[in-house]
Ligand code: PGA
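Just the one chain here, the form predicted alone, laid out as structure tokens.
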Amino acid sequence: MKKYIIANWKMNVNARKEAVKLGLATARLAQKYKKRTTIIACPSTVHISLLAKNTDYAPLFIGAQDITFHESGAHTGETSPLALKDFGIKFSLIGHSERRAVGETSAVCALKVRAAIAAGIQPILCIGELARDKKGGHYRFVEKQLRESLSGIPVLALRALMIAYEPVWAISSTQNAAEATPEDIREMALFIQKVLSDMYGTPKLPVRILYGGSVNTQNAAEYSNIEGISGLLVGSASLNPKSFEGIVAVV
């Protein structure tokens, strides 16, 4: 089964020429490794129009870093899922830890998930605990995020959903960050599947779980081969084509 690799450029690529150059380099990797990976690059919204409908970037998919749950109207600064769909966007991150850190709630994420699915955009829902708790509090934290972020989402809509498990304590930009172990990730992937099964009353659901949290060339192979993990969410390492290929090549 193909693995999904999401390249989240965040707000690191600002110049038009830089976005085009990185997009073409990433597209070459998507072409080279297309038999076993699906690569999705998520640039800043302002660069989506540069990349999304340009056939030079095939088979690379272009995704959004965020959407709004409004279709249209007086919502200054927001980006409608319908506008993204018109550009051919098929994927969007929702609930990234950096969005949650500035106040985005799981209730808002649920509205965004519904809006994305309604527009034909596949949501990549990001969840993850802030810290590990010896008493298991991190499991309760993730379960709460998951239940609230999928509130009102019917079981049939789950076919259009990916979940990115992104423990904040393992992200390199977090103070005193620590690397997640394969066992940490495996246990949480199984827990997420269990919560979904409990929520929807069915033992196996068609939801892909990705891992994100300081993914690099040293840990990508091990992380991508963990039971229950269908791919990786890559941040800073996706900005360097050589480093990114080091990840893609071993997935």
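Remember, predicted model here, so these are calculated numbers, not experimental data. The first residue of the shown sequence is 1; numbering continues from there.
The protein also exists as the form predicted in complex with 2-phosphoglycolic acid; that form is not presented, and the subsequent description refers to it.
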Just to confirm, S172 within 4.5 Å of 2-phosphoglycolic acid in the predicted bound form by heavy atoms? yes
Spell out, yes or no, whether the shortest heavy atom distance between G213 and 2-phosphoglycolic acid in the predicted bound form is within 4.5 Å. yes
Although 2-phosphoglycolic acid is absent from this view, report whether V234 comes within 4.5 Å of it in the predicted bound form, heavy atoms only. yes
Considering non-hydrogen atoms and a 4.5 Å limit, does 2-phosphoglycolic acid approach K21 in the predicted bound form? no
With 2-phosphoglycolic acid left out here, work out from 147 to 155, 93 to 101, 132 to 140, 113 to 121 which stretch has heavy atoms within 4.5 Å of it in the predicted bound form. 93 to 101
Of the residues spanning 48 to 82, the ones with some heavy atom within 4.5 Å of 2-phosphoglycolic acid in the predicted bound form are none
